[in-house]
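Here's a solo chain for you in structure tokens, the form predicted alone.
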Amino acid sequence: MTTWGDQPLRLRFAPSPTGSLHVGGARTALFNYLLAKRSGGSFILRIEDTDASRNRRESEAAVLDDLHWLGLSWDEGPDVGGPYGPYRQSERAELYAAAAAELLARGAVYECFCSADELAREQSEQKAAGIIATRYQGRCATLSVEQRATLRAEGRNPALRFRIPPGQTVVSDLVHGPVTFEHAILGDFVVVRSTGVPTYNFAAAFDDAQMAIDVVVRGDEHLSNTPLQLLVLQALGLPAPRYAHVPLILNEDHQKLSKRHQTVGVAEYRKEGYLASALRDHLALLGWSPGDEREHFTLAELTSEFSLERVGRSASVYNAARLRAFNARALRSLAPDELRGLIAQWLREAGYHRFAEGPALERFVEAYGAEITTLGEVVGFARRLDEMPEATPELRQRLSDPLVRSYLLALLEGAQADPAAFVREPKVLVAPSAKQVGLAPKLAYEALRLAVSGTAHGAPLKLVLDLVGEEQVLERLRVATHLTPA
């Protein structure tokens, strides 16, 4: 582990509440939490909500709920307080205003009156000239007092731009090592917009220093922001944290993971019935390695073993199939009573109360408990048990075969005589009915399962028939004997 002596470390997770918690953000939160807790330090939650048009308090609540579900609790934050608050950036306006005024007084920033159209035109001209890395050319950097007064009289509200000094900044990254940024290609950047709202690079840097953050662990996409933040802190005379930029997460097409392309929200996985332990394992192994082949950890084990030395530099691929396999394994590792309780909870919440208690629950768990890979799948199984199978073209084709129809009619006739006995022991009627019409036993059992559940394979047939119930079994057989080809 990267050592800081015996110093407890302060680390933070700072989401913007513009939607649900993305798995990339969840991994960032996990890594910060693990490093903080391993050092005996503090994990801080800060809400970066300066964009009033996009941030919603309900989104903030959802993010906090997802973090709690993952098992990540924080020592300081908007809901628990702490000595470095407020912990919402929207409540820190006075602090930012004072810091910006100090930067202006020191000459580290200057007023920029350029309009959005003027900035866009400048960028277009640079691109037309073959400049790929466009940057602000500093037209307002040398305005006189009179010129600024004239622009104000025109109704222009200035932004504040940071005056980039000559030279270079070396970021001593804890994952990548030293990374050098030449100031000549950075360009003077905005620290406070013309609306008075601070930008990310100003507010985040100031907050990290003001909240005494020791290490900032975040995604690689923020590496280019780091020299700007270091310059802000240097200009304010504030201490800088150490930085660790962890590799990007890619989808299976090796493109940046995006909500537009697949399910990647923590809330979505919760709704599908994934366990927090399975998602934690998968997130931890996206960029970090324990040094062996292990894939399952308790949160305490992750905390004791996590280190930045085992975080790689290459992008990681988010594998949905691997996550599903992790979840299936996690479900199998649950104590029987815990698994039964979770299945009952999902059944009740979906409205399938008749399967959620007593002997029916026991039979349901026996039938499907070993088969499910997510808890959400129990709802699909319950639906198939509770509803008449859909008469798909394939089902019609298979059950309308003359030989199969004759078998089903014979089976129905025998079952009507004693439905309870048939449901209890179907082979007593299946074998003679199949033999009577000359249907192979394997096809006979498949036809019965198709008629009752709509699928040719699955849980033990006796359990399926029992869960469907005597009356519905007879009704589904009657319907099946009347199906015609699509």
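Note that residue numbering follows the sequence shown and begins at 1. Quick caveat: nothing in here was measured; it's all calculated off a predicted structure.
We do not show the form predicted in complex with ligand GLU, though everything after this point is about it.
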{"property": "In the model of the complex, residue 60 touching ligand GLU (heavy atom, 4.5 Å)", "result": "no"}
{"property": "Touches ligand GLU in the model of the complex: residue 352 (any heavy atom, 4.5 Å)", "result": "no"}
{"property": "4.5 Å heavy atom contact, residue 14 to ligand GLU in the model of the complex", "result": "yes"}
{"property": "Interface membership of residue 318, ligand GLU in the model of the complex, 4.5 Å heavy atom rule", "result": "no"}
{"property": "Answer option from 398, 222, 92, 340, heavy atom within 4.5 Å of ligand GLU in the model of the complex", "result": "222"}
{"property": "Contact residue in the model of the complex, from 84, 110, 297, 200 (heavy atom within 4.5 Å of ligand GLU)", "result": "200"}
{"property": "One stretch from 214-222, 412-420, 247-255, 190-198 that, in the model of the complex, holds residues within 4.5 Å of ligand GLU by heavy atom", "result": "214-222"}
